[in-house]
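We begin with a single chain expressed as C-alpha cells, specifically the form predicted on its own.
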C-alpha cells in the first residue's frame, strides 16, 4: 500500500491524475490541462500513490497527459522559498517516485505530445519506452529560469543524449522538435500528430503479453548491466537468464515454440 502523504509528507492531489485499467494494461494520465500538466507537489505525490496501487492484473503501464501537452515541467507557481536542506529533500522526493516508475515491476510507455519540457522531460525519461507524436517538443529551460534540474534529468537525459547536448539545452534554451528528439534518443518512436497515445497503448498491449519475469528482468537488469564493467555485466546477465528461463511460464512458452504452436518472429 502507498503512503497517502507521499514520500515527502505531501498529500497527493488525486484529482490531478486519472487512471484507467484495461485488462492487462493501465493508463495513467496527468490531468492538469489548464496548467499544461505542470507538475505540482500534489500531482507528483498522486503519481507515486497510483503507481503503488496498480492492480496485480496490470502488466504494462501507459503514461500520458490530458489536453494539448504531455507536461510543461515544474509548476513554478509552487516554487517556494526553501533553504538548502529543504530543497535537497524536495528534489529527492521526486527521485523516490520516479525511481518507483523506472525500477518498478512493470514496463512504462510514455505517450508524448505538445510540451515535454523541464520536469516533464525528466518524467518521460524515467519511462522505458517513449512515443512522440509530431506535435511534441523537448526543452530544458532551467538556465533561463535561474534554477537547475532537480528530478534526475542531469543523469537520465545525459545518459540518453550525452551531457554536452543537455548542457546546450540548458544554457541556450534549445528546443528539439519531435523528429530531432527521436533521432537523438529522447524517444524511440515518432508518429503523426494525435497518434502517440494509440501507439503507446498498442506497444503496452504487446509488452503485456511477455512473461512477467522476463519483463522484470529486462527493466531491472539492462540499465544496471550498462553501468557495470563487462565481466560484472556478463555475470549479471547469466544470473538473470537462469532465473527467467526457470519460470514456469517461460518453460511453457519454449515448449510451445518447439512444438510449433508458439508465435514466430516475422519481418
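Numbering follows the first chain given and starts at 1. None of these values were measured; they are calculated from a predicted model.
Although not depicted, the form predicted together with a small molecule is the subject of the following passage.
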- Only one of 100-108, 193-201, 128-136, 114-122 gets a heavy atom within 4.5 Å of the small molecule in the model of the complex; which is it? 114-122
- Does any heavy atom of residue 151 come within 4.5 Å of a heavy atom of the small molecule in the model of the complex? yes
- Message: Residue-level question: is residue 69 within 4.5 Å of the small molecule in the model of the complex, judged on heavy atoms?
- Response: yes
- Is there any non-hydrogen atom of residue 147 lying within 4.5 Å of the small molecule in the model of the complex? yes
- Query: residue 166 near the small molecule in the model of the complex, any heavy atom under 4.5 Å?
  - Reply: no
